[in-house]
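One chain comes next, on its own, written out as structure tokens in the form predicted alone.
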Amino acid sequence: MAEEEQGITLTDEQKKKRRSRSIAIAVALGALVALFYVVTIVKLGPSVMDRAL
């Protein structure tokens, strides 16, 4: 049971590229969420704040 774990070992350069790619995906996803939020608010219009609860 003391076997050494087998798998792919990444170099420091590959780890850095993977991290930067993950950050880029996170930023793109955040921008998409923000865009959907803004479009929803624009489509609802300003009168959405004046409605009766």
Partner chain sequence: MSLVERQDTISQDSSVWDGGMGSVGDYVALLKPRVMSLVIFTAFVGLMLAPGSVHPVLGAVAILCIAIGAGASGALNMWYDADIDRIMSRTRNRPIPTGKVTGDEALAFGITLSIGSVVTLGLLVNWFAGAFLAFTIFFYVIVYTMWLKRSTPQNIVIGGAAGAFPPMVGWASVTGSVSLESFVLFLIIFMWTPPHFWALALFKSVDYRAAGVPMLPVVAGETSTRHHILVYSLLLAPIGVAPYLLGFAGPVYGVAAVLLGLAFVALAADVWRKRDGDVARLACVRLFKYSIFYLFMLFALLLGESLVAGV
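Nothing here was measured: the structure is a model prediction, and the numbers come from that model. Positions refer to the first chain, counted from 1.
Below, we turn to the form predicted in complex with the partner chain, even though it does not appear here.
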Hey, in the predicted complex, is L44 touching the partner chain, heavy atoms inside 4.5 Å? no
Considering only heavy atoms, tell me if A52 and the partner chain come within 4.5 Å of each other in the predicted complex. no
For the stretch 14-28, which residues lie within 4.5 Å of the partner chain in the predicted complex by non-hydrogen atom distance? Q14, K17, S20, R21, A24
